[in-house]
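Presented as structure tokens, the chain that follows is alone, the form predicted alone.
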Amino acid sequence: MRGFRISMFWWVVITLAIVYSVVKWAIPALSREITTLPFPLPVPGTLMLFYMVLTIVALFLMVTFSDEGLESFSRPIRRLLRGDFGQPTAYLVLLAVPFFVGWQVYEVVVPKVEVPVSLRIQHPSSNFPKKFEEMKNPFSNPTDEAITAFAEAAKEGEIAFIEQVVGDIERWEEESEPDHVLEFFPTPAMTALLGEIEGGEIEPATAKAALIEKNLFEGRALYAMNCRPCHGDSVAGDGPMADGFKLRPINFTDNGTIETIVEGYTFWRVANGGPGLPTEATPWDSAMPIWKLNLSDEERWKIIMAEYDLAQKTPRIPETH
């Protein structure tokens, strides 16, 4: 007994049906399982058209690759038109095909009354903990204790830096042989502090300005190491990796971004990254990593300090203030 064989025509029909079903229903269902969101992520209509056109082109090449394939594909169509399956079947198919095409065109062009889509929010705050609302950056406005400790360390020439910049500073010291490590910072605030160190009396305001300069330097270094690839040197969201994301990194220089949020929210947002956002941020979530897994609180605060400084912006003041 000869094995059951399916003609090329039915292979084409079955393949189109499978591809359409996978893209239309299987992928959204799988996305719901992967993301654990309460709703599936739909495939955009343009992408659906793209996949179907590619499938049709591939099937066309397969069918016309040989005379046997073309003959196997066209045989059921010729038999239908000759009436081999009966005239009622032929009439039914010849009526159903244009009806189906017309119905699809009608569905595309007819105006529809639909519930408005839920707009995506790039920086949603529905799960923003209230305790972060009043947070202030401890490195942009250091305490008196921190200022005093820094002044004492400056007198002794024993300034502690974050480990990420220690190597560069040590190499600079070997080449320059400075009298004081703070000569590494050629800024007015540091120059004023070094002058007061030589005079033997350090004013708290001078030490505070110099400490802020040191914190900014470390923040810029940490920003360059961790954030620059996406947010760019100018913090305008134009880093070398920015074009690789569906959702471009945020432009901090825009007046509608970090200037509109309190520092505590920025700290929480950086700590939790894209995976920590609520459902309002979907379907195209931020690609930012969960930085609390790789950076300490001190490092994240210094990065945020540098971001505001590089963007020439100030954070929003909490309403309670």
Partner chain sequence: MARLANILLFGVALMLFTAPASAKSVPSGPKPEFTEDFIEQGRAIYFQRCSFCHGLLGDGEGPAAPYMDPRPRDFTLGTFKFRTTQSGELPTDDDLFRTVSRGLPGTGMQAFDNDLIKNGLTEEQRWQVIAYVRTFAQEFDNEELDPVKTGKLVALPKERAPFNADSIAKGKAVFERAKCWECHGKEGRGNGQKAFDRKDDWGFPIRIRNVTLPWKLKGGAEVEDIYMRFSTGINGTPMPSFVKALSEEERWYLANFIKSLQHQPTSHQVLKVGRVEGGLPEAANDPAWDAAEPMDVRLTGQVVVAPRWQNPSIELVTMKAMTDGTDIVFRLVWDDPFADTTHDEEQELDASEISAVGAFNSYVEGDGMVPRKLETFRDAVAIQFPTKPTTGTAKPHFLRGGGSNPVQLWRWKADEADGERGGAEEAVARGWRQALKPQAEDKQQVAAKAAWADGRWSVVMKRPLATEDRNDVQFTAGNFIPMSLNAWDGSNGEHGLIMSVSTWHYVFIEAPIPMTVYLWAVLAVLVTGGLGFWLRRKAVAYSPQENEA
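Quick caveat, the model's predicted, so the values are computed rather than measured. The term rigid core refers to the most C-alpha atoms you can superpose between the two forms while keeping them within 1.5 Å. Numbering follows the first chain given and starts at 1.
The form predicted together with the partner chain is left out here; the points below concern that form.
Residues placing heavy atoms within 4.5 Å of the partner chain in the predicted complex fall in a single listed stretch, namely 104 to 112, out of 126 to 134, 104 to 112, 204 to 212, 143 to 151. Shown alone here, Pro289 lies within 4.5 Å of the partner chain in the predicted complex, counting heavy atoms only. Contact between Asp233 and the partner chain in the predicted complex is found at the 4.5 Å heavy atom cutoff.
Though the partner is left out of this view, Asn294 does reach within 4.5 Å of the partner chain in the predicted complex, counting heavy atoms only. Although the partner is absent here, Pro98 sits close enough that one of its heavy atoms falls within 4.5 Å of the partner chain in the predicted complex. Note on the partner interface in the predicted complex: the residue among Ile159, Leu194, Ala221, Ile250 having a heavy atom within 4.5 angstroms of the partner chain is Ala221. Counting a residue when any of its non-hydrogen atoms is within 4.5 Å of the partner chain in the predicted complex, the hits in 228 to 247 run Arg228, Pro229, Cys230, Gly232, Asp233, Ser234, Val235, Ala236, Asp238, Gly239, Pro240, Met241, Asp243, Gly244, Phe245, Lys246. With the core held fixed, the Cα of Gly86 is displaced between the shown form and the other one by 2 Å or more.
A movement of the C-alpha atom of Ile77 reaching 2 angstroms or beyond is seen between the shown form and the other one when the two forms are aligned on their rigid core. Relative to the superposed core, Ala153 shifts its CA atom by less than 2 Å between the shown form and the other one.
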